[in-house]
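Heads up, the chain below is alone and in the form predicted on its own; it's given as C-alpha cells.
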Amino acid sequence: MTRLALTRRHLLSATGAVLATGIAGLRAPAHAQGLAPTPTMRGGSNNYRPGAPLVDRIGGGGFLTTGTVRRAGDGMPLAGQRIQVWAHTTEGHERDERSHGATLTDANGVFRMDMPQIVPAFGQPHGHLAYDSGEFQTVFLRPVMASAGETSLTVDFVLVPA
C-alpha cells in the first residue's frame, strides 16, 4: 500500500495549482484562444436569397432562432453582423420569399429571429442560416432539430475575415 505524505511543500504546490487554474481558467474572459471557424454545411445554401430584407420577425412568429457570432481565433463577439434565416414553416416553404428574413447581431454578437414553427421538409425539421455580410467569409448552416416539437433553435457562427 502506498502512503501519500502531505507535507507543507505538497500543500503549497497544490494550493498554487488550484489558484493558477482558477485565475487562468475560471476568471478569464469566455473568449477561446485558437477558436476554429464554423465550416459551411452541405445543403445549407439551398433556397438562399441574397439580400433578404432585415425584419423584426418572419410571419406570425412563435419559434425562436438565436445564436452568437464570434471571430475565429480569439472568440470576440461580432456586433452588427447580418444573419439570414429561412426554413420550411407552418406558414410557408423555404423557397417562399415570405419564409426568409435577416437580422443583425447586437453589441454582444447575439442574434434572434422570431419566426413560425419549423416543420419537417424531406423528413427532417431543419432551419437554414447564413452569415452574408461580406466582412467575413460567407457561412451557410443547415442544423437539423431533434424533434419537430422543438420551439427554438440555437446556432452559433465563428467567422474568419474574407
Partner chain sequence: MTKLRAGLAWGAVALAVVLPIGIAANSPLLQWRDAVYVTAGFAGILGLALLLLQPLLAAALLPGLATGAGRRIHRWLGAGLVAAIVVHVGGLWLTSPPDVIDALTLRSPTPFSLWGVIAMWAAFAAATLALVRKRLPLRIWRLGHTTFVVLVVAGTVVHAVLIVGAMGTVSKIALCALVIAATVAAVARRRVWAVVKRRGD
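Only a predicted model underlies this, so the values are computations on that prediction, with no experimental measurement involved. Numbering follows the first chain given and starts at 1.
There is another form of the same protein, the form predicted in complex with its partner chain; it is not shown, and what comes next is about it.
A.B. asks: Give me the residue from 137, 47, 68, 40 that has a heavy atom within 4.5 Å of its partner chain in the predicted complex.
C.D. replies: None of the other options qualify; the answer is 47.
A.B. asks: For the chain seen here without its partner, which of 129-137, 100-108, 55-63, 116-124 has a heavy atom within 4.5 Å of its partner chain in the predicted complex?
C.D. replies: Comparing against its partner chain in the predicted complex, the contact stretch is 116-124.
A.B. asks: Against its partner chain in the predicted complex, would residue 89 count as a contact residue? Criterion: heavy atoms within 4.5 Å.
C.D. replies: Yes, residue 89 is a contact residue.
A.B. asks: Against its partner chain in the predicted complex, would residue 112 count as a contact residue? Criterion: heavy atoms within 4.5 Å.
C.D. replies: It does not: once its partner chain is placed as it appears in the predicted complex, residue 112 has no heavy atom within 4.5 Å of it.
A.B. asks: Within 93-107, which residues come within 4.5 Å of its partner chain in the predicted complex, counting heavy atoms only?
C.D. replies: Contacting residues: 93, 94, 95.
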